[in-house]
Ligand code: ATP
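Only one chain is shown below, in structure tokens, and it's the form predicted alone.
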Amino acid sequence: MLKRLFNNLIPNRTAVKRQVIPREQHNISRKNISSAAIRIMKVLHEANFAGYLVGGGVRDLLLNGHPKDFDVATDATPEQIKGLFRGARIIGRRFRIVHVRIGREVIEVTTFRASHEDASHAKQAQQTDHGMLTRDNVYGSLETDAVRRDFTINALYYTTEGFAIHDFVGGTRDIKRRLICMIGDPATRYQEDPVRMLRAVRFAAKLGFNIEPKTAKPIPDLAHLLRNISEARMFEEVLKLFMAGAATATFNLLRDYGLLAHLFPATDAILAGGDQQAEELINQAMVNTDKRIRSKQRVTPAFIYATLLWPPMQAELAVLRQQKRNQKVPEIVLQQQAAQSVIRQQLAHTSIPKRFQIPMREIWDLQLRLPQRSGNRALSSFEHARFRAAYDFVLLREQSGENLGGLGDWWTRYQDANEVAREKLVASVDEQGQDKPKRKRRRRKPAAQRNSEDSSAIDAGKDTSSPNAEL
């Protein structure tokens, strides 16, 4: 059976025999592994079940990284896992897994999978006409589980029994080659789960790896399959793509492989039209996002979405201005209509939860308020809950080449100023938020010139017709 699986799932690739890498030949140390994950493996072993650390945690440890998440794979069923741990709950329908809570940590524990072709009934495996697996709960062995994983670098298993790594598909080899390689026929595996195309791009960007040519080739032709994924899942994937510290590289790869058009179609259309300012705006946002994540600063999805959807919102706003140019509609109303239209279109591709949608729109609205700084307007905007994000957005727009008349610099000085200095800054702008023209000071004439002019004026005023004029 295992031989058949390898033959069916790994055509055009040389099957790699099971390789066991002993402790002395790899760099993984238990000190760098979550104590909760180690505890779970120990409990599984004591109950006579297998327990392996698997996936990205093993991969990142081999790359001397510091994984945030650790997953465990076992031959115990979800019900058996739940019975071993008090803080455990079974989740998922398409792919049943168990979340085990140990202290403050939640570890994902999965049962070894086999090929969906081995399913005995529909409750174990279901597939759409497009080839997408809507249910995949056929349980198997360690060997079949390795073949069912997506990429070779994610199919590595570490055990605390002997502290060895088990490799069935050449994952350690591909880590050394710095390659993202699909297990099995790439087109088939993408059809089973189109999100794997996004994962290939995300891992390549995050790790600085290349995507193997055979793995990369089907992506542009199959990118449209992402339309079959739920909007909620696509939103979660967007967060993973842009909030992992490699947003810049990820964004470029999404465009290269034609994937952006199925995530943010309106944005992709504007970029494809050659809008350099829009491209620079998004590039700057990606660079700034990466910097913030590396320095462990907070990044909100609202800001990322505000940036990605700003170009199409501005394009929609320009159309509305033209359509309603004779109706004297306030700019804020036009912008809100444009925002609603763009968001409605985007929701057909990725969901945007209200907790992010509302602040995103507030960031946009403040772009109209921040230039209005006379009277109490500056203080009112400054005290707005979304001021800091809106201010950062102003700076981003200026970095992209948009001329805002020094607005970013004005607000930078306002934040650093004391009360008196702020009043002077506010006094320096008019009702429209424009800098007031400076009053020209009359140049005082030199004293000698003033005295000369005064003498001339006196002489000119003498009445020469009077007989006493000379007196």
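Since the structure is predicted, the reported quantities are computational estimates derived from the model, not experimental observations. Just count from 1 along the sequence shown to find any residue number.
Below, we refer to the form predicted together with adenosine-5'-triphosphate (ATP), which is not included among the displayed structures.
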**Message:** Test of understanding: in the predicted complex, would D71 fall inside 4.5 Å of adenosine-5'-triphosphate (ATP) by heavy atoms?
**Reply:** yes
**Asked** Can you check whether R233 is within 4.5 Å of adenosine-5'-triphosphate (ATP) in the predicted complex, heavy atom basis?
**Response** yes
**Asked** Does R199 reach adenosine-5'-triphosphate (ATP) in the predicted complex if we count a contact as any heavy atom within 4.5 Å?
**Response** yes
**Message:** Is G408 near adenosine-5'-triphosphate (ATP)? Define near as a heavy atom within 4.5 Å, in the predicted complex.
**Reply:** no
**Message:** I have G55, R149 and N154 flagged as a candidate spot, so tell me whether each of them has a non-hydrogen atom within 4.5 Å of adenosine-5'-triphosphate (ATP) in the predicted complex.
**Reply:** yes
**Asked** Using a 4.5 Å heavy atom cut-off, which stretch among 418-426, 22-30, 58-66, 39-47 contacts adenosine-5'-triphosphate (ATP) in the predicted complex?
**Response** 58-66
**Listed residue that, although adenosine-5'-triphosphate (ATP) is not shown, lies within 4.5 Å of it in the predicted complex (heavy atoms), from K206, R361, H349, R369** = K206
**Asked** Which of D167, D193, D174, E316 has a heavy atom within 4.5 Å of adenosine-5'-triphosphate (ATP) in the predicted complex?
**Response** D193
